[in-house]
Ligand code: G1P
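One chain follows as structure tokens, the form predicted on its own.
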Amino acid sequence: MIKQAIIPLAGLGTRLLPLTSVFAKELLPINGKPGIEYILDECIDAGIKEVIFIISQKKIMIKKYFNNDDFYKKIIKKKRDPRIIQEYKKILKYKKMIKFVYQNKPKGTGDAVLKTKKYIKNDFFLMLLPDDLIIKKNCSKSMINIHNKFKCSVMASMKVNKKTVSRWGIFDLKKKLVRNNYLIKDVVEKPSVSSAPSNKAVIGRYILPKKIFSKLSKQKPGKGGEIHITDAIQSLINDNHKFIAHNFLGKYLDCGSMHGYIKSTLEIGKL
């Protein structure tokens, strides 16, 4: 059973400057609700019981957001505003399921994952990237269903414009398993347009095996001097671990850029 999720939150959010010079991008409101809460709601709806946030000291405001009890208690004592009481109850619900670990040096997503090693209890866990919102259908829930059927790792997949493949981890697929699900042959981190094996990209949802920690602990930095999770995944594939590319049915929104952030607010406002 997949009951734990990890969410890397230590990134600086440079694509959303100047907003992120003073504010954590994950707390920026999307249609009046902090972006991270959409991710948490997806986890809860998928049956996740514990979420591990990987933050840095520079992103400590995220921890404060979920641990600001005194502020709420003082306001509620004065006003008894039903809306504020409801908001506080929601924050308390989230707070009960969140743990925090720290990645104070930006060494990549693989390094962030490695920071959670001692907290992961079961053989598989979910990872969600907060810049990637998937609306209209719960991607994590459908991936967990595929995992339960095939008992292996699963990654969200989507076709992207061939000119943009160098932004993504790109799949080379082996064969079709069932509708919208394919066995992965290889995955390459940010390939050039000419060397990309396809235009099918990894989107920010992963069901990973606990065995990935042994790969990450030995892994050398890759492109950009970072520890990439895709390199560890490829190493596991080379050792005959199965990974499935899941072509999700929801709508993908990129909240990590200014254009994408504005578009996400407009799209969610239509729901």
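One-based numbering along the sequence shown. Quick caveat: nothing in here was measured; it's all calculated off a predicted structure.
The same protein also has a form predicted together with this ligand, omitted here; what follows describes it.
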Report the residue, out of Val202, Ile207, Ala232, Ile244, that has at least one non-hydrogen atom within 4.5 angstroms of this ligand in the predicted bound form.
Val202
If the cut-off is 4.5 angstroms on heavy atoms, which of these, Phe124, Tyr182, Tyr88, Trp168, is the one near this ligand in the predicted bound form?
Trp168
Among 185-193, 71-79, 112-120, 140-148, which stretch has residues with heavy atoms no more than 4.5 Å from this ligand in the predicted bound form?
185-193
Does Met158 make contact with this ligand in the predicted bound form, using a 4.5 Å heavy atom cut-off?
no
Even though the chain is shown alone, can you say which residues of 123-155 have a heavy atom within 4.5 Å of this ligand in the predicted bound form?
Leu129, Asp132
